[in-house]
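Next up is one chain by itself, shown in structure tokens, the form predicted alone.
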Amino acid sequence: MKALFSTWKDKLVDNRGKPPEAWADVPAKLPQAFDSKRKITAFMGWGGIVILDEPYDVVEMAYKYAGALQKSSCAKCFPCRVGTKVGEDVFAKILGGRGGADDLKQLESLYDSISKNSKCGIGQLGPEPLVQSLQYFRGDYEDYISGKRKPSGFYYPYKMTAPCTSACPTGMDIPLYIEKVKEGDFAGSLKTIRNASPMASTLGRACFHPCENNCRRDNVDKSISICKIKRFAWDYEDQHEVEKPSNPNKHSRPEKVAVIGAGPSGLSCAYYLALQGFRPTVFEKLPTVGGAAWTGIPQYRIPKEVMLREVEFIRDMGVEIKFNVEFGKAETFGSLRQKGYKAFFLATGGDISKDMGVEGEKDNIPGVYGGIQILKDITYNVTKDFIQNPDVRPHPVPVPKKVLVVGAGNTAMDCVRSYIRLGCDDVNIVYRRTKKEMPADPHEVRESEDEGVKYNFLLAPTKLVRENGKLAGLECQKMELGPPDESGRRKPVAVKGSEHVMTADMVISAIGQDCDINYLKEEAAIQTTKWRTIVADEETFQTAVPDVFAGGDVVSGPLNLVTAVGHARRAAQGMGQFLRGERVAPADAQIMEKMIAGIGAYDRDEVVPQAKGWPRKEMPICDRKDKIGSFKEVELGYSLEEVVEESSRCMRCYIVGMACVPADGGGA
């Protein structure tokens, strides 16, 4: 992008005095507007200064930014705690026309000292744009000192975040909850986690942890085990006699809200609505809570008894859950509106297995299953004691000698690892690409290999094979990888004449899921995509029908738990605005978080001045003999000593970003 001036990532681009058509490109990628009503003209943050265009006031912005650093300081080290306050006061003196040349020298020396001696990112990275402003905009400072210039009165929204936090769909304050674990404040850690998600146990066990891909510690040795530290915080409360938090706003407002679906997204949205004082009721078509986290994630990854205790906390906060209620039949938009429900959150997920698109798939051949349904049947059989409706009986689960699972995502991993535990002798993955392109979590792949799962790469299914009316195998065609497709992975290309049959007693399709949105017939104004997902605003998750919001897989398509929870948190915010009669819009802090994520809070090429050689504490797991033939939880959890050691590896990489919005249009 082109800009008037930039020091971003130490690359100086100074287009001042040049016509716009002659401006050089700058490395930062900033939006041209703050929102639909307000312009952005400058940005100041950990990577430098970017001036997009007039009007701007670097000195005023530096003063506001210095104040943001002071507010963001944790106050645990002297250079940052005291230094940022001194710096803010000196900037205030200059802005008020009472400064002098000595003050500029003091600021340069002060922020150099803060950078060199602070213990975390606020002090280490934060001062850089302030020093650069003194270096490249000296004349602006001198104009303030001489009285030629007065404050512009622009609006400067800012956001403190971290590379890991920026990557988390829930916006969780990861460095803070890790630090509280390190300090032994486990209740404080869990409170911090619950500010962003009520499902610390579920996410701590099954999150795909994009935060760990944005961990600056990985630039030193290896990323921190962020996900499993979260689990420890919940496990500690679960296993000890501690006072659990209450909801001071419980049912303080009269408005009833209907949440459709008791998966992670629905439960999370209901939780945040309850915290605002509303009266949410979750309607679930299944006899159990948890949605895909219950039916699709096996017992060995998330024990159901643990999930039930986690959900009980959500209930205690003021959430009602009704089971065996299929929306669109037992209840509808109309029936619930007649009962006084003022808003809806659709979180019905994606629980229909995609077809493989092979010959014979529509012939109802015994032994051919969808991954979602077979996982549901396995879960109901393994955990039947937790089904809350005695009239529901699990379907019997066949255990073949040889099973082929088509696909290479986490659903496929759950299928093959479950069949290893059910005692199947020959469990196979069939995937049309190579191991490198597999979308499954790498640790899931490693665990499956250790458990005996076999992998068949560069094979695409073409036909289901029958003998005497029974499934005999799967015809496959060899593939080779061509150029990357829209997913970024190399596209598989068929090798002519390479068809052959793989024998099998069972074939499971685990190549993706579709959404059942037939209940939308009643609300035709709600828009949908060609993939049968619901169209909702990407910031507020409000649909075309004002009192209906939607989130999770039914909006994004099947993704992951943490994204669904992130949708829920932001949707609950928008629903609260709607129910209170306010404008439904993202908060300025949310806009700033998105802006920082777009710029890139994490630099994989950054050389971090930190000593190497502090290894990551790997999660303890049960013995191999306990994994085979058993649905016992595989990951055992950290001990107190292990979690404190792992938490101590966190470098607390907080950063601050600030925008210049010349005309504040009354943002949230």
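Please read all numbers here as calculations on a predicted model, not as lab measurements. Quick note: we count residues from 1 along the sequence shown, nothing fancier.
Separately, the form predicted together with a small molecule exists; it is not shown, and the next lines address it.
This chain appears without its partner; in the predicted bound form, the one residue of Y419, F327, Y341, F313 with a heavy atom within 4.5 Å of the small molecule is F327. Only one of A572, I226, A347, V507 comes within 4.5 Å of the small molecule in the predicted bound form through a heavy atom, and that residue is A347. Contact between Y455 and the small molecule in the predicted bound form is not found at the 4.5 Å heavy atom cutoff. Of the heavy atoms in S197, none are within 4.5 Å of the small molecule in the predicted bound form.
Using a 4.5 angstroms limit between non-hydrogen atoms, R301 touches the small molecule in the predicted bound form.
Though the partner is left out of this view, S118 does not reach within 4.5 Å of the small molecule in the predicted bound form, counting heavy atoms only.
The stretch that touches the small molecule in the predicted bound form, counting heavy atoms within 4.5 Å, is 411-419, out of 145-153, 129-137, 411-419, 180-188. Although the small molecule is omitted here, in the predicted bound form all of G266, G290 and I297 have a heavy atom within 4.5 Å of it.
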